[in-house]
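One chain comes next, on its own, written as structure tokens: the form predicted on its own.
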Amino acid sequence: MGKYLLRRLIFLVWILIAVSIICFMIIHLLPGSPSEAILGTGWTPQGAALLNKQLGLDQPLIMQYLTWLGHVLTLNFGQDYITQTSIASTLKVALPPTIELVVLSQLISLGLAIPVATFAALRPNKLFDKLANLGSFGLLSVPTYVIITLLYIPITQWLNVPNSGTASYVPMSQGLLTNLESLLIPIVALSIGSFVVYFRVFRADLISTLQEEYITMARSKGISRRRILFRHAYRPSSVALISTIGVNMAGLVTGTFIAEQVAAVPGIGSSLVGAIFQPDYQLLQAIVLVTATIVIVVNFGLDLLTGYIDPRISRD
């Protein structure tokens, strides 16, 4: 396990370096000079010269990258030349709603997918299993923004949930319950999309696991169904589920950005869209770097968890 962890750490470092190089080159690959991309219509020779000196753009490219990387490692993403504010402060405000959406939607989707998939796998091809498969197949084809739109009427009007309308986001600092009410619709929409994927993956693996010889042997010994599930079936069946969570992370981030736009939640997605249309290339660069880093680190953690659950992976 130690060698496996070391290999994964080395791989993680190289991936992060590659991502940082790509993010650093975003501005340099744009038409014109980086100062023109940053200053936009406010570009002047004097302003460009000052900016080049401040950002070290008059230095060799490798030195620019190393200087920029040193600032990034200290969470110094520079100043937004459009809003004249710190990019780090913008990310500090925008990250919490996005992280909250991702974490809560995943907890809900997994909390529902595992018991529903278990119930279906214990009775394969029965009525509940067929209905669950049919419903999940139908929901799989519905985009996130459509689900959010369809949820507005039942949640805001039929259930009369307060603070759940459009552009009604309330920060957690103003009350946890009010905050959850304001994020209810996008959380439910994201949970539905993830639930469908996790249900289908876990159900298929659990059905296969329950047909293994060691499960049959456990049943013949009179071991209870609950113990068979928790001690013998869930662990091998969860490997593919954990891998699916990692693969789903990139798509989940995209879905979260869409949900934030539709529900007018001031998260990373809203900041990204604003950075694209302004255009604000420095903020765009920082958002891409932070988002990619979070996805990579989460996948790294899930890889380690997979290796712990199935030691054969770490030995390979």
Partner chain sequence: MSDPQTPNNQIPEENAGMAARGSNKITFLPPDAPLLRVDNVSTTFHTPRGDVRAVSNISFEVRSNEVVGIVGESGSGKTVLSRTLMGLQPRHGVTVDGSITFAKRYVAERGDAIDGQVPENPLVGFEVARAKESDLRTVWGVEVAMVFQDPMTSLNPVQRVGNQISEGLRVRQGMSKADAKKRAIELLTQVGIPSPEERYRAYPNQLSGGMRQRVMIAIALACNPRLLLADEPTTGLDVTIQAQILNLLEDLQRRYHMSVLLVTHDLGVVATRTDRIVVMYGGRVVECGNTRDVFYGHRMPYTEALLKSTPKISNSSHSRLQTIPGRPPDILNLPPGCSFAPRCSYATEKCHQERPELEATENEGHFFACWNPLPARKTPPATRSDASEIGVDSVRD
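Numbering follows the first chain given and starts at 1. Please read these numbers as outputs of a predicted model, since none were measured by experiment.
One more form of this protein exists, namely the form predicted together with the partner chain; it is left out here, but the text below deals with it.
Though the partner chain is absent from this view, in the model of the complex it lies within 4.5 Å of a heavy atom of just one residue from T83, S224, S208, S89, which is S224. Proximity to the partner chain in the model of the complex, taken as a non-hydrogen atom within 4.5 angstroms, holds for one residue of F137, F119, Y214, Y145, which is Y214. Partner contact region in the model of the complex: 227-235, out of 227-235, 90-98, 174-182, 200-208, criterion any non-hydrogen atom within 4.5 Å of the partner chain. For R123, a non-hydrogen atom is located within 4.5 Å of the partner chain in the model of the complex, even though that partner is not displayed.
In the model of the complex, none of the heavy atoms of K130 sits within 4.5 Å of a heavy atom of the partner chain.
Not displayed here, the partner chain is approached by R219 to within 4.5 Å at the level of heavy atoms in the model of the complex.
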